[in-house]
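Take a look at this one chain, the form predicted alone, written out in structure tokens.
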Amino acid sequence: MSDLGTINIIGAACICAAGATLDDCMDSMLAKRGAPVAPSLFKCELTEIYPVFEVPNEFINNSSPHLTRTANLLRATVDDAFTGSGISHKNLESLKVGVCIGTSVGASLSFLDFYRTWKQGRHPELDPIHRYLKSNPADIIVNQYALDGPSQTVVNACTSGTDAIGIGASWIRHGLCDIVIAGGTDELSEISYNGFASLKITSPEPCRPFDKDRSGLNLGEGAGVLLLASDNAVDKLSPRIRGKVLGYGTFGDAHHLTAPHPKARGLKMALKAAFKNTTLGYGDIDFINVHGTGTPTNDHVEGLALQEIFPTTPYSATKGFTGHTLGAAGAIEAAFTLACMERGELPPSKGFAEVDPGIGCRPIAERTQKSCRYALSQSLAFGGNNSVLILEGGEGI
């Protein structure tokens, strides 16, 4: 991203199994609360049950039966982000407002019951099809707020939420928008549940990111949103500045459909790209929210990069509280990273107990107080996608 302006963060929100708000999530993580349970949103026909992190229905305000769960999670999160920012809808009328939302499951045709009925020669109701067609995540927000700026739904596997924030930041840098609603959203799905089980990377127990005996990931669901604003929008609205997006980098491994490059080539290049147009060096980073899925390969590769580039920087893996929320993960974790800097506290990596000698480094294991000015949030994805955000803390940091 060329340096054509400041990307201010004036709002942040998330909904996931850890909490209905960002503050609730932080309280839960700092207290080490939460555990995955057997899925209840769909039937599980596998012989072994893999627990998941479901969002309680009461967390999703004003849910519409005409939209998918993915869309309803996003709508509730965007509403919360605006409420927390103190900005009303009328404040947006004189500004160019864009929407960039990442998803994975939300772009899938997840209506197996419809398909089963059709295969049996019967005629299923078309409600699931109509619901899907009305639930493009970016379009939902554009229509809800009557916006006229650019809009994009990003489908880039598990880096989607991070990429959406990075793209949204570029719109502000290049003068296309005054404000961008950027983030990610995904629901739990029978398709992704069975797919990850078939890859043998889901765990029958709570996940243990970076632990020597980790056995796989737990799936989760949720949505995360950052409200990004130009200096011009800040001058007009006078909001509290919660932080800034300083850098974004993305790079492909070109190595394997599902496994990361064994020497973290793509992640290292994404980091290099993120730092390129900043005045920061690797040593300036105070904290890292890592991807940390709890799978043997991901944590090994990510750990090697941490050892090489950030040997003394503290890092947390938060998926032990949320599960892997796929296209929403990067956005939820960017919101967590911002909240950690605001609070001056870092959450433990739930499930971690013993260092993997093949990695040689350990995540934060207990609630830790630390003043942080600069932090990273990084995401790795199928297809060899690697994406990184550099965030700066806001007022009072």
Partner chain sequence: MNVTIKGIGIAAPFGGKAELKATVLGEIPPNAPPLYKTTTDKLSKFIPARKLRRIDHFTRMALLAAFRALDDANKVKDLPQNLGIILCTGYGPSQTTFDFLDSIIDDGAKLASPLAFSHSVHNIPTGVLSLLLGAPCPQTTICQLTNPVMTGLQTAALWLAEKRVESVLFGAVDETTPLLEENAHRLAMEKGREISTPVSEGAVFFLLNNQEHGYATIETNTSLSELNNIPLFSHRELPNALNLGTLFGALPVTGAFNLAAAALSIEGTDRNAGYNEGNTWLQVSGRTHA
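Computed from a predicted structure; not experimentally measured. Positions refer to the first chain, counted from 1.
Although it is not shown, the form predicted in complex with the partner chain is what the next lines describe.
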For this session: Verify the contact flag for Glu187: yes if a non-hydrogen atom of it lies within 4.5 Å of a non-hydrogen atom of the partner chain in the model of the complex, no if not.
Result: no
Exercise. Hey, in the model of the complex, does Thr258 get a heavy atom within 4.5 angstroms of the partner chain?
Worked result: yes
Problem set entry | 4.5 angstroms heavy atom contact with the partner chain in the model of the complex for Asp253 | yes
For this session: Check whether Arg265 has any heavy atom within 4.5 Å of a heavy atom of the partner chain in the model of the complex, and answer yes or no.
Result: yes
Problem set entry | Contact residue in the model of the complex, from Thr313, Thr153, Ser215, Ser85 (heavy atom within 4.5 Å of the partner chain) | Thr153
Problem set entry | Contact residue in the model of the complex, from Ile285, Ala305, Leu95, Met269 (heavy atom within 4.5 Å of the partner chain) | Met269
Exercise. Which among 195-203, 286-294, 231-239, 71-79 is in contact with the partner chain in the model of the complex, heavy atoms within 4.5 angstroms?
Worked result: 195-203
Problem set entry | the partner chain in the model of the complex - contacting residues of 285-301, heavy atom within 4.5 Å | none
